[in-house]
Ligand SMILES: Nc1ncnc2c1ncn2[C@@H]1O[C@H](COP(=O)(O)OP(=O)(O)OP(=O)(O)O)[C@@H](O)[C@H]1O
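Consider the single chain below, provided in structure tokens and representing the form predicted alone.
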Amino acid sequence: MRIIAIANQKGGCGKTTTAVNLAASLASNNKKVLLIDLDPQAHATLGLNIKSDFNIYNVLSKLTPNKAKLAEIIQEVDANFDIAPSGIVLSALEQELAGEIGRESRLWETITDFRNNYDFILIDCPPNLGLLTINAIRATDEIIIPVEASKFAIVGIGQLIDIINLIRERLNHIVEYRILLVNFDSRLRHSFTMLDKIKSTFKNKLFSTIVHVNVKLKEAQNNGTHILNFDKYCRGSKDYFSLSREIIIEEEKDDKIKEPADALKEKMEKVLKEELPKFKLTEVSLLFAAPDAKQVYVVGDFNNWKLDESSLMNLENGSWSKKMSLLPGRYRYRFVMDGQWLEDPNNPSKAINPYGQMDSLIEI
């Protein structure tokens, strides 16, 4: 079970939007997900139209007369997607815990004692660096920090990282963090300037997925649901689904790395011996004319739709090109130009994808 906190002390940065829609997207990948709303404003709870007399305060507080267990407050949002709701009363918890020994570990103790079959627990943190956020950081090994493409957002990240380092020093608890770029407006040159700044500052800490500005995300919240229920074909839906796939694929890679070295070597040798002689790799060249573009990627079934250095195309004489060696088969692919997903204009072979858009096809 992976526990991931979504945190940023800056309000209005897409923190709750990310928590809710990432949870829904992971659930759509057949992962069982629990979202814990740890924000007294209860935006995740309200945004999913959840009503409850009991919430996470009744679980964490030792003073409330209406004590409850975590399993007793959980409500179902959708298939594979549950929520532990919040409420304004949670704001009293920081004062209650202020003089308590081990106050920073209250949530961690609760989750440790909790037994249920979840693949992911996501924690939506409040927009501050108080005791509730510290509890969330203590309870997890990884944090997603949603940030916008602005200078002030970069400064805010540094403050949160200071808290993460403080917890590492005082509690001997190591937490990894990743940066998620949200509310990205690809129409503005300033957005790409700040993207380059964030990339150079945080390097491999940045998710490949970028969440673009999309009004449908706000409309979904106003309608009391997540984006996959509201409009599964919109840009916001595709971005959060892409983020969920990136997280799941990374997890699968980590699991493979953990295999014993000898067993992994033996397995690879067997695959090479038995499978490779059956097939012949074919070199394929893809071209995309976009002389004014800053970056162009080619992604598809052949690389798990992943935006990284290996899928970056090369610019020469106004055209972007990429050579790949592929096994026989039929592949879907698209170009990603400065964050915009496009079909291949030079390839008439196409097929509609689950988002109502067209993927280009190549057959070897």
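Start at 1 and count along the sequence shown; that's the residue number. Small disclaimer: the values here were computed from a predicted structure and weren't measured.
The following text describes the form predicted together with the ligand, which does not appear among the structures shown.
For the candidate spot formed by Ser25, Lys32 and Leu228, no residue has a non-hydrogen atom within 4.5 angstroms of the ligand in the predicted bound form.
Although the partner is absent here, Gln41 sits close enough that one of its heavy atoms falls within 4.5 Å of the ligand in the predicted bound form.
None of the heavy atoms of Arg245 is located within 4.5 Å of the ligand in the predicted bound form. Residue contact check for Gln221: one or more of its heavy atoms lie within 4.5 Å of the ligand in the predicted bound form. Although the partner is absent here, Val213 lies within 4.5 Å of the ligand in the predicted bound form, judged by heavy atoms. Stretch-level contact analysis of 204-212, 73-81, 189-197, 171-179 against the ligand in the predicted bound form, using heavy atoms and a 4.5 Å limit, identifies 204-212.
Of the candidates Leu217, Ile143, Leu90, Ala139, Leu217 is the one whose heavy atoms come within 4.5 Å of the ligand in the predicted bound form; the others do not. Along 3-37, a non-hydrogen atom within 4.5 Å of the ligand in the predicted bound form is carried by Lys10, Gly11, Gly12, Cys13, Gly14, Lys15, Thr16, Thr17, in order along the sequence. The pair Asn304 and Ala19 approaches in the predicted bound form: their C-alpha atoms are at least 3 Å nearer to each other than in the form depicted. By 3 Å or more, the C-alpha separation between Asp301 and Leu217 shrinks in the predicted bound form relative to the form shown here.
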